[in-house]
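This document opens with one chain alone, in structure tokens, the form predicted alone.
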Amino acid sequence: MDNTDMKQIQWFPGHMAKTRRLIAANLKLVDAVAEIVDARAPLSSRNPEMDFMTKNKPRLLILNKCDLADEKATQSWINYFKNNGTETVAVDCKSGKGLKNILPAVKNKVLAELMVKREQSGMSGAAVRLMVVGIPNVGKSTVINRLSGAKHAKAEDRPGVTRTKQWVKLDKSTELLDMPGVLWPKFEDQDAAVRLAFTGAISDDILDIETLAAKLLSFLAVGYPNSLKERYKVVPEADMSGFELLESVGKKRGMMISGGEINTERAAITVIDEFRSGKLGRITLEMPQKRD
């Protein structure tokens, strides 16, 4: 990660402590847990405390927003997680891509043994209950709304909208328990925190947006230079800092203020917004072989 100075990122609103208690209290009511992460940062967007919080419940990992991520990288992550014993599917909650694979993965793989036991004991009609968890802004509510075909969960493109649990009945055979997004109390890995800030999982209100954009541009200059060339007509040079790249973007876009100074704040907001919306192309922020 670029070494541009940035104050430590920490964000743990009070309602998240309540969510940790909610997960523990409701775990006994469900058969399995579906953890939704951001396909652009699959490891950084996994709550490291989730294994402890969900105990030994069977788990499905859902890589959401896969249409914003590098397709080859997403397949590498699917292989990585499956090789480590976690059933994994990739979906895009906005287009609906891959959503039809979620329930078959739960019933035929994650809960295969339970389904056989229920069949043998004459309980095959019992509904599968699935707790849906994840950090803020990974698209949990949109996934649930898509699966149910109705707007049960409040969904907005900012973190921390869902504040309480709610049951959503998909049909006679499946019920979902939607839980609020929850981070962990302290980010020990600040590179992971920065990746979460890039994707919008952390409130922008606590961030220095220009430093954040400079870090993102430094990453793109190395990993996805064509994105900068195609979107901003900026050709990264080996010795350019993140802030120099940010100034180049502002200059190319004509973002000037009085005195001929470049409006780097406006440029930063543009860069972050265009990354999050996919206008910079399909980008993955981390790869499994570098983190396992």
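All residue numbers are counted from 1 along the displayed sequence. Source: prediction; values computed, not measured.
Absent from the display: the form predicted in complex with guanosine-5',3'-tetraphosphate. The rest refers to it.
- Picking from 117-125, 101-109, 211-219, 86-94 the stretch near guanosine-5',3'-tetraphosphate in the predicted bound form, with a 4.5 Å limit on heavy atoms, gives 86-94.
- Site annotation in the predicted bound form: the residue of 68, 53, 234, 61 reaching within 4.5 Å of guanosine-5',3'-tetraphosphate with a heavy atom is 68.
- Contact between residue 139 and guanosine-5',3'-tetraphosphate in the predicted bound form is found at the 4.5 Å heavy atom cutoff.
- Among heavy atoms of residue 130, none comes within 4.5 Å of guanosine-5',3'-tetraphosphate in the predicted bound form.
- Within 4.5 Å of any heavy atom of guanosine-5',3'-tetraphosphate in the predicted bound form lies no heavy atom of residue 202.
- guanosine-5',3'-tetraphosphate is not shown here, and in the predicted bound form it never comes within 4.5 Å of any heavy atom of residue 196.
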